[in-house]
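The data below hold one chain only, encoded as structure tokens and taken in the form predicted alone.
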Amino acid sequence: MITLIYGGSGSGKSAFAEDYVLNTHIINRFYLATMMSSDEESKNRIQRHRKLRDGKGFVTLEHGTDIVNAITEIESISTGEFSTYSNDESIVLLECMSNLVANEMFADGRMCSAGECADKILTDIKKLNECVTRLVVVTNNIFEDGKSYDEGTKEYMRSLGKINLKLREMAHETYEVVVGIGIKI
């Protein structure tokens, strides 16, 4: 089951998503972080996010690309011989789609097309969704400023837009977050 949570920058969507996960009965909680550390600012953001999650019962998995690789870790932790979990239900909070799209689209110094990027990510999302009880995906609304962009940015926006639309179709629930308030759509 997929829950989609979206909003603008600084809307409170990440905090809303964490609270959403914490308010479920599922104790196997995974935080699938997609931000890659490329400069001092991103390193500081990653550290800040780790501190905010500290003590909330999340197992953090970091995959800036190829999120499908998290499946093995999730299955190993949830059902492994050293597991402290009492059941095999699991919930994954994927934070966030905009980072994942940028990482996949511009991986290895190349730029793949919007369609190629979207298709790969959506295939990975479907596989991930099949192995967990619930998947919560956080994504950004970056489409309302009306500015003009270079072709690479437009291609990125096309890919994120395609993914967001498809995720909305796949989702059992969708929330738009505005000033920290989640509005179920």
Partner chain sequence: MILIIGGSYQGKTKYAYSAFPEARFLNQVHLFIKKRIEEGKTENEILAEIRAIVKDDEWVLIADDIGNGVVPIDLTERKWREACGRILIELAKDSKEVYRVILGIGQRIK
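Residue numbers count along the first chain shown, from 1. All figures in this text were calculated on a predicted structure; none of them were measured in a lab.
In what follows, reference is made to the form predicted in complex with its partner chain, a form of this protein that is not presented.
Of the residues 54, 41, 151, 130, just one reaches its partner chain in the predicted bound form with a heavy atom at 4.5 Å or closer; this is 41.
Interface residue among 122, 59, 27, 142 relative to its partner chain in the predicted bound form, by the heavy atom within 4.5 Å criterion: 142. When its partner chain is considered in the predicted bound form, residue 36 lies well away from it, no heavy atom lying within 4.5 Å. Within this chain, residue 9 lines the site of its partner chain in the predicted bound form, having a heavy atom no more than 4.5 Å away.
In the predicted bound form, no heavy atom of residue 46 sits within 4.5 Å of its partner chain. Contact between residue 18 and its partner chain in the predicted bound form is not found at the 4.5 Å heavy atom cutoff. The chain is drawn here without its partner chain; in the predicted bound form, the stretch among 63-71, 152-160, 112-120, 130-138 whose residues come within 4.5 Å of it by any heavy atom is 152-160. Residues from 152-185 that approach its partner chain in the predicted bound form with a non-hydrogen atom closer than or equal to 4.5 Å are 153, 157, 176, 178, 179, 180, 181, 183, in the order they occur in the chain.
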